[in-house]
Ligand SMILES: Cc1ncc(COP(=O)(O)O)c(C=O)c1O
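The form predicted alone is given below as one chain in structure tokens.
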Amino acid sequence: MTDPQAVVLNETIQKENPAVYAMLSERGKQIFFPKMGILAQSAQAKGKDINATIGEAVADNGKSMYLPEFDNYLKLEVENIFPYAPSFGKPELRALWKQFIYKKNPSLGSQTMSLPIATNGLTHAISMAGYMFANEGDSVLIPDLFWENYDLIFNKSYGATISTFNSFSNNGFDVAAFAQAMAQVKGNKIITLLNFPNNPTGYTPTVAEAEQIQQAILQEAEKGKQIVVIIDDAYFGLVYEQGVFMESIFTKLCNLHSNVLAVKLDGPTKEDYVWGFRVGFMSYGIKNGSAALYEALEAKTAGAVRGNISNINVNST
């Protein structure tokens, strides 16, 4: 039985864009971020003399209790280190990363997108995308040269089928093979994953190829196909040759069509050379995406994170 909190989110998504609701997996339709129970009780208890609603020790000064031996090693405020971070991620961190996305992808201009949801690295973001959109038996289209974790996540964890298409033709990305693979998917739902620069080949499409990829996806969307494009931007920014598309393919897809949901997975791991930070982000973009639609998707994604690892370990900005 679907929880009433999930029903509210589902009704919002159906109202704002029925195609996005059809893209969700059964897990995605059932999930929600709980606003009742312990979280509601914790909010109600703030400012009270006694707060026994959450497993977090608080000192007499109202700040998190911690061992004083840490004082010699701390350069940040205590409240930015020890408390639990929200399952959505710290609001300041999410807003800052969204600013980075616009700064690093200037062609986004005024296109709307969701606030990023914080994840425990990009692998966790990919897993959460599988949770949200991949049913058992669904086909996930990826190039035939791919990172083996995609199989572990989509196939072994969620029961989806990995379907591959030829990666290269005439020393470039095989757009024709990609378009043909999408056209051959049975049913109205297509899930595809694009990873540029590609792991393991390092390939990034040229400007012309990025346009062709966009048009191939648009062609299927105009036929009525509901398309989830998962964009693994783990190596975003590591592009140095003229003629190569310098921005994320997200910029070509997040305002393409109301049947195309672009799901951007990124983070500072390789962009900013902080491999041990283990923080990633998951953002949504779709044509005519409303604040209500994005907030519902964010709530579902945060619910998936909460039900999976509770929250990530990065609290400070």
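Note that the structure is a prediction, hence the values are computed from the model and not measured. Numbering starts at 1 and runs along the sequence shown.
The same protein also exists as the form predicted in complex with the ligand; that form is not shown, yet it is the one meant from here on.
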Would the ligand in the predicted bound form be within 4.5 angstroms of a non-hydrogen atom of every residue among Tyr21, Phe133 and Asp138? no
Closest heavy atom of Gly121 to the ligand in the predicted bound form, within 4.5 Å or not? yes
Counting only non-hydrogen atoms and a 4.5 angstroms cut-off, does Thr269 reach the ligand in the predicted bound form? yes
Does Ala216 reach the ligand in the predicted bound form if we count a contact as any heavy atom within 4.5 Å? no
Partner contact for Lys63 in the predicted bound form: the ligand, 4.5 angstroms, heavy atom: no
Since the chain is shown here on its own, which stretch among 84 to 92, 227 to 235, 184 to 192, 164 to 172 would lie within 4.5 Å of the ligand in the predicted bound form, judged by heavy atoms? 227 to 235
State the residue from Phe178, Tyr203, Trp147, Tyr158 whose non-hydrogen atoms include one within 4.5 Å of the ligand in the predicted bound form. Trp147
Only one of Ser127, Asn105, Asn199, Gln212 gets a heavy atom within 4.5 Å of the ligand in the predicted bound form. Which one? Asn199
Note that the ligand is not shown here; using its position in the predicted bound form, name the residues of 272 to 307 with a heavy atom within 4.5 Å of it, in sequence order. Arg278
